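Only one chain is included here, represented as structure tokens and corresponding to the form predicted alone.
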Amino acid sequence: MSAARRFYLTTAIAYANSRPGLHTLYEVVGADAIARWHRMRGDETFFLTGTDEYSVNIAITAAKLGKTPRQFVDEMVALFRAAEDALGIAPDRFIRTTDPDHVRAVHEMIRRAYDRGDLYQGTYEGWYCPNEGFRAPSDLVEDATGVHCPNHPGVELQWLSERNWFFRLSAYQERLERYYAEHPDWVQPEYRRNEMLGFIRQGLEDFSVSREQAPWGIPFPLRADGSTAQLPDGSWDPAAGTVYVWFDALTNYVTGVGFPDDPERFTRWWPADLHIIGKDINRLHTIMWPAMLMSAGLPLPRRVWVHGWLLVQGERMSKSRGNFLDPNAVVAALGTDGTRYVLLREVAFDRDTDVSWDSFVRRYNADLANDFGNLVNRSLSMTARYLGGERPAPRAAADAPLAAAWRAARAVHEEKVAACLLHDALAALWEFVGAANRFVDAEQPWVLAKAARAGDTAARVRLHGVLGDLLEACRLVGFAAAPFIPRTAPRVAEQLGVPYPYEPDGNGGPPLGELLDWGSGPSGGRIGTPVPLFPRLETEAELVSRAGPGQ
């Protein structure tokens, strides 16, 4: 491995039970921006995302459609991949829980837990959500229509009684409490950590890791006596059952970096530097998953970031409620980078946020079309008109009012990205964009140009300095925002007449910090042709007609 710092980033894997909604891919967009930021900084980065493909509900849905479960999930995964491509997502691996190496990883985790004495057989009786698995009574919602899973209110629960394998989560209570105490920052934001600590202190219950009669799943590798359930022909004894969906799904994070097939690669990348997950699966990732890793003798992730939900008039955006947005339709209306920007700027990455089409359109028009797009266009147009397209150099930092504003904005931006507060990181950049636009109005280059044409030498010098500063401001914002608007950033550089040294996924090129110092761009040369980056959406009604809610 090179001397560069390595950074391993994951998202929760999406449940492949139907086509994706924008809310499903929200965390993947945020993770992609973080991964690109690390790549451009020069960190050796590995970004993992993918799909969770085993569940009773998927088997039921496939049967209703006259398809095999594998046919059904292949179709759903193709939709996820297409939507992620439309959003500019560039993972280093898109993992599927049906991948052969993942089956081997799950089997190894099961065997390690058994060898440590953390698995035992018992009888489970209780409610089972086909989308999510067994639910404790305290987790369920009861109303006039019956008992429901809080995350899947439209899915009918099943009352099950069957003999399963159980994992001794209760044996890890003290160890988890101690780990939380010794690593106070490993679950963030802090209030999400406190929620999990409160849950742990109520007492942990063992959880099922197998299903007795669920053929669509990873075969359980052990018989009741601990011997292998693999038959002489290499197949697995169906009487041993299948692996419970959450034990299977959580293991993807170690599968993705070589566990157990490639120990050298696994040692190189694990533990993950950052898990990004939604608040509804916090308990699984910060209580069950760490206990599973402890049982397997593996280190825990360095940080888990828990984001909130997209809300619509106070209600969670979801496919079951019918209030979700089709990501492909949103991209058709706003473009790839427009969608990425409004999603990460409008939706706070640390809490629930109420969103609407109106809020997305207002943000797009205000920040992208009016502020940044207009800043780039007017700076280039004035350079073409007043200086014949020759690119002037920015003034020295000590002589450029925008340089001090940039230093402050850059510091906040970098701090907030590192802290996963992506909405605040973008806000810092766009405060600087606002300062640059105000600088145009204060300096009035058109007045300076008129005076320069009349022979005013001081006005000519000042005009060059002002336009040089504005072009530098555009360059700096374009590079700093590149992880968020990766397809627009090269266009900004091209129009400014400066090279864009990074590959489409953010790899290659010098460490980003070298390009974010005031005055670090190339000197001399000519600008390119100004072309609007973000055409204004004329009316909100037009957007709604072009990209309405998903069905």
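When you see a residue number, it is the position in the sequence shown, counting from 1. As the structure is a computational prediction, the values presented were derived from the model and not from experiment.
The protein also exists as the form predicted in complex with the RNA; that form is not presented, and the subsequent description refers to it.
S.K.: What stretch, of 323 to 331, 165 to 173, 106 to 114, 181 to 189, brings heavy atoms to within 4.5 Å of the RNA in the predicted complex?
M.R.: Heavy atoms within 4.5 Å of the RNA in the predicted complex occur in 165 to 173.
S.K.: Looking at 304, 429, 382, 417 here, can you tell me which has any non-hydrogen atom within 4.5 angstroms of the RNA in the predicted complex?
M.R.: None of the other options qualify; the answer is 382.
S.K.: Note which of 99, 212, 337, 371 lies within 4.5 Å of the RNA in the predicted complex, where distance is taken over heavy atoms; exactly one does.
M.R.: Only one listed residue qualifies here, and that residue is 371.
S.K.: In the predicted complex, do 92, 220 and 268 all reach within 4.5 Å of the RNA through at least one heavy atom apiece?
M.R.: Not a single listed residue reaches the RNA in the predicted complex, so no.
S.K.: Would you classify residue 366 as touching the RNA in the predicted complex, given a 4.5 Å non-hydrogen atom cut-off?
M.R.: Output for residue 366 is yes: heavy atoms within 4.5 Å of the RNA.
S.K.: Could you confirm whether residue 264 comes within 4.5 Å of the RNA in the predicted complex, counting heavy atoms only?
M.R.: Residue 264: no contact with the RNA in the predicted complex.
S.K.: Find out whether any non-hydrogen atom of residue 283 is located within 4.5 angstroms of the RNA in the predicted complex, and reply yes or no.
M.R.: Yes, residue 283 sits close enough to the RNA in the predicted complex that at least one of its heavy atoms falls within 4.5 Å.
S.K.: Report whether the minimum heavy atom distance between residue 55 and the RNA in the predicted complex is within 4.5 Å.
M.R.: Yes.
S.K.: Though the partner is not shown here, which residues of 432 to 448 have a heavy atom within 4.5 Å of the RNA in the predicted complex?
M.R.: Stretch hits, in order: 434, 437, 438, 440, 441, 444, 446.
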